[in-house]
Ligand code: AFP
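Just the one chain here, laid out as structure tokens, in the form predicted on its own.
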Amino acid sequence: MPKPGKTKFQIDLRRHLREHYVNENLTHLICEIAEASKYIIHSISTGDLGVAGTSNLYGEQQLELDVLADRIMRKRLDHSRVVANMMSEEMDEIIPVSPDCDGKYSVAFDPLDGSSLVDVNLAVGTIVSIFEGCDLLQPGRRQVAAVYILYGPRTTLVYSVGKGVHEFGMNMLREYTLLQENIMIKPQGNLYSPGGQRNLYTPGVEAFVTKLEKRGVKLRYSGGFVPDINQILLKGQGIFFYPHLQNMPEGKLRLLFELSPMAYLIEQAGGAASDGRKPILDLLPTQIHERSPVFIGCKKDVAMAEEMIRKFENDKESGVNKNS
């Protein structure tokens, strides 16, 4: 908490990390990620919104901003000197940085999640997952930190190192200063953000949505994962889901780059994240770009989704990710 005589707006990110006894290397790494975001927000404001003429490994056409944001993040992580391995959602393999794992970290990141929304001026973000040592293919529960930066009407950074969830805002000097500490979400909410085509929902997911609607829960969906999770955290309620679909049993979102870090943050805020069967943070990725269904937000709402899936779908029908 802010010390007597000091307002929270005078506490910058580095000071906050030190006051929470985060070790020097991890503090330095998170501050380098924050530094990278300053260049990314400048690129979003001034950069080319066209296509880069290249595709990522999913066959999706890369935008100039995707390529630039990826380059910025990789450069800052390499510059930090505390990274052993890094992996970008835009790349098809792990990038080794240092053979020495002692005291260093492995970082997975989505440099510009929702980049296709930039040309219509909607909010986008950067998502980062941090593990100790050299191994990236670990259950998300072993993360030592997770961060996201939201580029919206204002630029904010949300982080956790397992000691609560804290929000910072970029000020006029492009410094991140504390906005609020120890963000918590309610057990049940009145907002939902649904991804995927509803006509492709499986019976359990359709039953879940019907129950939400009967309860009077309001649909609030931006089309971007970072702003939707940010909405849940800052409103203190709600659920986001991109479920298994009839034609896409593994869902759409990537476990390592998107789901694990957001699940870490949501759990730290008192919420829950599930693939419909088990916690996202308990899933062991078997490959770098593995996907998973997700239900993330208020605990009671996530539990209701799991209940409906169990009730209406057997193992074969659900297609829910069963990795452990």
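Residue numbers here begin at 1 and follow the sequence given. Note that the structure is a prediction, hence the values are computed from the model and not measured.
The next section is about a form of this same protein that is not shown, the form predicted together with the ligand.
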(message) in the predicted bound form, does residue 209 come within 4.5 Å of the ligand, counting heavy atoms only?
(response) no
(message) When the contact criterion is heavy atoms within 4.5 Å, does residue 249 count as touching the ligand in the predicted bound form?
(response) no
(request) Verify the contact flag for residue 166: yes if a non-hydrogen atom of it lies within 4.5 Å of a non-hydrogen atom of the ligand in the predicted bound form, no if not. (result) no
(message) Just checking whether residue 254 would be counted as a contact of the ligand in the predicted bound form - the rule being heavy atoms within 4.5 angstroms.
(response) yes
(message) On the criterion of a non-hydrogen atom at 4.5 angstroms or closer, are 221, 225 and 258 all touching the ligand in the predicted bound form?
(response) yes
(message) Between 116, 171, 190, 182, only one gets a heavy atom within 4.5 angstroms of the ligand in the predicted bound form; which residue is that?
(response) 116
(message) By the heavy atom within 4.5 Å rule, which residue out of 105, 148, 240, 109 makes contact with the ligand in the predicted bound form?
(response) 240
(message) Using a 4.5 Å heavy atom cut-off, which of 240 to 248, 94 to 102, 134 to 142, 209 to 217 contacts the ligand in the predicted bound form?
(response) 240 to 248
